[in-house]
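The form predicted on its own is given below as one chain in structure tokens.
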């Protein structure tokens, strides 16, 4: 029942937004819908600890991993949709959009959220692919929402690269289907069911499975933002409205990574851990090195945050390569911490861009003097993003490093630490420019914050939640352990 309630809640909000002309209360209605999804996700997490939950004749399935992802989607969606009314008001006032396109924005955002929920709640790996492909369609129009030349160019680049990636993921899924039918004798109607795939994984043809997993890593890796097909991400994030960037970076990348975790479990059962580990290590380290180089020379605020997402996705890939329960649990905690933190950062960046009229780092100065509240939120968000204690990203990165050392991958830890040190220095330099640069020339009351108290409280609450999870992981400990066991055969 909880599974159906989650999807019905999201679909209902989508239907209401589609049926009515844009009104500010519709934005708050979508935020309320996301809050309900978050609450239902917490309830589903509790019930999933006793075993997988099913719905609609076993076409929908939620184990602890699925329930955890619903919580992540609900938390990030709540943050992003709470800013819908404010973002649309700013754009309508400035003439960037019209009520027609404001309505399209809300509908597409809700379709996007619903597709992500269906991706993590489906019992079928083929429907998982369809759901992730559907997110590409919805987000393509969201990236080009502002209808500028840069937005259209970014949306075309996004749809072309992601379509190539998702086509490769489709081929990988078809090969898994083929391997099941011809090597394990599974019936057609159950051939891509997750439970059936895992029960037959030990009998899959290793040659076919090896090719399939390579295609899936490149295919879903494109959507995750991993090298080599990562270049859509900074362009799309720099052009999309801030709440859309929050959703894309906070959960879209993680939902695609969820698909990789599922297929990695199949590959390990069929091939052993060596090949999946090597492949994920390569794409993870290359992505991390690429992000490091690009962050040093970055000049745009939103592109900086986009390359930071590539950095964190690379860390997730390295953690998943280890594949032990400790590593996967740390990966999942990192997904939640990154999703919440990056949402706060993109939403703050949207406010900064609106107030300053630019996203160019060199032109954003003295935020703490101009807008103390917003500057403080942005500054603490950066501390969380670079994984300083006591934020949860510090705990998750530390546990991933422990798992990698235990697995004999000390050299990967060494490379990662060097990259993280360089990234810390680069982000610190950018932060100094934006938060303190030129402060002596700016009166403290030059530009007081206009961020409403309700939204300020929401952003501060999100950062406090990251601190609480860093200090006390017990609220999620059982869920993380059960979820990790789901994909560690």
Partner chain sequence: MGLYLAALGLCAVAAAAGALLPRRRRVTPTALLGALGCLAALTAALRILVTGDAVTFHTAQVLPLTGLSLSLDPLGAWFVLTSAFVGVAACVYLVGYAREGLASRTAMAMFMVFLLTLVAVPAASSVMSFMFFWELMALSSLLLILADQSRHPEARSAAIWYGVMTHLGAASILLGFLVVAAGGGQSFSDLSAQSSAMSPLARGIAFLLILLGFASKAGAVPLHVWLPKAHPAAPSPVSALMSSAMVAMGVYGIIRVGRDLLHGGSVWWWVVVSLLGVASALYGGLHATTSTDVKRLLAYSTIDVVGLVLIGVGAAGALGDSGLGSVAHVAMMGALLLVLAHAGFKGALFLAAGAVERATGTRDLDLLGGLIHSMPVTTLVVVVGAGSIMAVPTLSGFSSEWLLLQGLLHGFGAASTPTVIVVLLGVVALALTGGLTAVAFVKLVGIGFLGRARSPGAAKASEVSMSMRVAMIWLTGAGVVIGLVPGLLVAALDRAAATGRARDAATGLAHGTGLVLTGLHGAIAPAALLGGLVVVMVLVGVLNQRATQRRVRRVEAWGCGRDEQTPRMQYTATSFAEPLQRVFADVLRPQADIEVTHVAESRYYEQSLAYENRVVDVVEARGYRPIIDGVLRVGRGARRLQNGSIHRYLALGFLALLVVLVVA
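Residue numbers count along the first chain shown, from 1. Small disclaimer: the values here were computed from a predicted structure and weren't measured.
Only in words, not in the display: the form predicted in complex with its partner chain, which the text now covers.
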Given that the partner is absent here, does residue 297 sit within 4.5 Å of its partner chain in the predicted bound form, heavy atoms only? yes
Evaluate residue 86 for contact with its partner chain in the predicted bound form, applying a 4.5 angstroms cut-off between non-hydrogen atoms, and reply yes or no. no
Flag residue 12 as yes or no: does it have a non-hydrogen atom within 4.5 angstroms of any non-hydrogen atom of its partner chain in the predicted bound form? no
Heavy atom to heavy atom, is residue 421 within 4.5 Å of its partner chain in the predicted bound form? yes
Go through 327-335, 254-262, 312-320, 351-359 and give me the stretch that gets within 4.5 Å of its partner chain in the predicted bound form, heavy atoms only. 327-335
Interface check vs its partner chain in the predicted bound form: of 399, 90, 196, 371, the one with a heavy atom inside 4.5 Å is 399
Contact assignment for its partner chain in the predicted bound form, among 71, 161, 281, 107, heavy atom within 4.5 Å: 161
Scan 36-71 and note down the residues that get a heavy atom within 4.5 Å of its partner chain in the predicted bound form; none is a fine answer too. none
